[in-house]
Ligand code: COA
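The chain that follows stands alone, in the form predicted alone, written as structure tokens.
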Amino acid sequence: MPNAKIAGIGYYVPENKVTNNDLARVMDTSDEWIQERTGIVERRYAKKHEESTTTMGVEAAKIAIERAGITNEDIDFIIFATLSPDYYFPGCGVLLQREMGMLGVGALDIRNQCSGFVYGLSIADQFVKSGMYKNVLLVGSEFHSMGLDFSTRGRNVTVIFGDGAGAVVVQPTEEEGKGILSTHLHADGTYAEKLAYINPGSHAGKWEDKERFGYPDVEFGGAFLTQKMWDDEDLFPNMEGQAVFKMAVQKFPEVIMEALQTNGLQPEDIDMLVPHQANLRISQFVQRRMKLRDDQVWNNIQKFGNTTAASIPIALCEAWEQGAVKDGDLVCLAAFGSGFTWGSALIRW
């Protein structure tokens, strides 16, 4: 059975840079406040009504396909990871398929938020290893800025997120010991509401909690908009930052060690750790816990913010373009986010 490898990689970020000082003009915050808590200096915002989650994904995919040395016609399956789709349904997979002229090719949408790319990579890995597909296009793309609360009320979430897309082409490889060595996926829905975008939705929490979530007292529910939803800020993403941080710094090292131990390796064997760019403070904590050097961890949240499903492929592509990821390197990808979901992938580049 062949291994699967990343044969091509690309990323796209919008031209529009939004600094912390720009955000300070519309909410009660400051560059110092944001950098101290997140490490972020600036992020990119897409052009509304001109760009979308799909169009950014297309741009990243074009680069990945070209670098893989294939054409659009060679792609035989599409996986698209995002929490900010163009439409509630259908998903962005078919929209990208249409834009790139891949009609008839299967398209799968992944809704695992920050862990979306790692989950998608695991799926692509299995498809390729089994021989079902030979060229799987995996895209992570996010248009966060379209749905954030640009007021002081929403600053704790809004300052973190940016827009962008990353993509890879996964192919089989016969090279011994090369490619994706293993992937590891986990979830714990106990804490689903700790990081969530609850409303509008068809059902939020247990039905007996309908008053808590602002639903009218009706027998049959739907997607209602009420004053309570607005007052409780349920129409925007909500995050209990301390709870997320506490769980993230626990699960990141665990799932990294799971990947290493599965392959008989140790942290010092890692040439490059590419964590999901959730918060620079989380990455630094994990780095210290794993006793990794600065040159063993790639962080670019300072420039792009948290791009959720796009953050790992953007960071991995940037590291590769700058020569920090080379042939034969041991690369570890790790993510943690809403759900809670988390995962890792170990790759011999």
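Note that this is a predicted model, so its numbers are computed, not measured. Residue numbers here begin at 1 and follow the sequence given.
Another form exists, predicted together with the named molecule; not displayed. Remarks below refer to it.
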4.5 angstroms heavy atom contact with the named molecule in the predicted bound form for residue 256: no
Interface membership of residue 236, the named molecule in the predicted bound form, 4.5 Å heavy atom rule: no
The named molecule contact in the predicted bound form: residue 337, any heavy atom under 4.5 Å: yes
4.5 Å heavy atom contact, residue 29 to the named molecule in the predicted bound form: yes
In the predicted bound form, the residue from 180, 110, 136, 278 that sits within 4.5 Å of the named molecule by heavy atoms: 278
The named molecule: the contacting residue among 123, 244, 196, 75 in the predicted bound form [heavy atom, 4.5 Å]: 244
Non-hydrogen atom within 4.5 angstroms of the named molecule in the predicted bound form for each of 3, 127 and 344: no
Listed range touching the named molecule, judged in the predicted bound form by heavy atoms within 4.5 Å, from 166-174, 267-275, 236-244, 67-75: 236-244
Within 4.5 Å of the named molecule in the predicted bound form: residues from 303-334 (heavy atom criterion): 306
